[in-house]
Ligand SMILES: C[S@@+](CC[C@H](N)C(=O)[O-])C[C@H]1O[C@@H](n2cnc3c(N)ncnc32)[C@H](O)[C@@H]1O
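Take a look at this single chain in structure tokens; it is the form predicted on its own.
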């Protein structure tokens, strides 16, 4: 029996917390009990199993610890995840949106093999080996309108990749969450200038900035933008 008291997050659907407000730990309820994905701690509380969500391994966890304004989770959300890697963050999204679908795009074959191995029992994840620069290349595998695009790719053209995919798949009024790594875009330019240029690229292309979140405590030289695709 765990001595950790786990409670529902006051805002975010299917996210759980423990500890005081100034030192929160995050959890999701394990969709595949008894199995971890990246060595995370498994905790039993009131006969249910939870996975600790490490903000130093998952930028989405770091975002949630900053208490963003927008509540972007619901159980039947349909999501496109660009840069799914070996499955750390996408597995927690899988725990949360139990009646939705997450399409996880990954370019590197080795990471894709790990992703399939780590998430094979999770029926709401569809792994797609593909290049996020060419969203039409995986169109035959995406069968529904998408509510959310989550992007974490370390490429020089991060805003362009987001636009290509959101214009192709994201419904009007849908949400884009993009983690911008300044070093991947221009390691010599001032990071605030890099962030501002990426933001302007998206704003000028029909996306409304909802919030900017600094996660550099957990991910160096990163900022996260949350955008909404304009309805008109």
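Keep in mind that this is a model prediction, so the values were computed, not measured. Positions refer to the first chain, counted from 1.
There is another form of this protein, the form predicted in complex with the ligand, and it is not shown here; the text below is about that form.
Of the stretches 118 to 126, 68 to 76, 81 to 89, 95 to 103, only 81 to 89 has residues with a heavy atom within 4.5 Å of the ligand in the model of the complex. Using a 4.5 angstroms threshold between heavy atoms, residue 135 stays clear of the ligand in the model of the complex. With a 4.5 Å cutoff on heavy atoms, residue 59 counts as touching the ligand in the model of the complex.
Taking the partner from the other structure, the ligand in the model of the complex has a heavy atom within 4.5 Å of a heavy atom of residue 152. Mapping the unseen interface onto this chain, residue 159 falls outside it, with no heavy atom inside 4.5 Å of the ligand in the model of the complex. Contacts of stretch 113 to 130 with the ligand in the model of the complex, defined by any heavy atom lying within 4.5 Å, are made by 130 alone.
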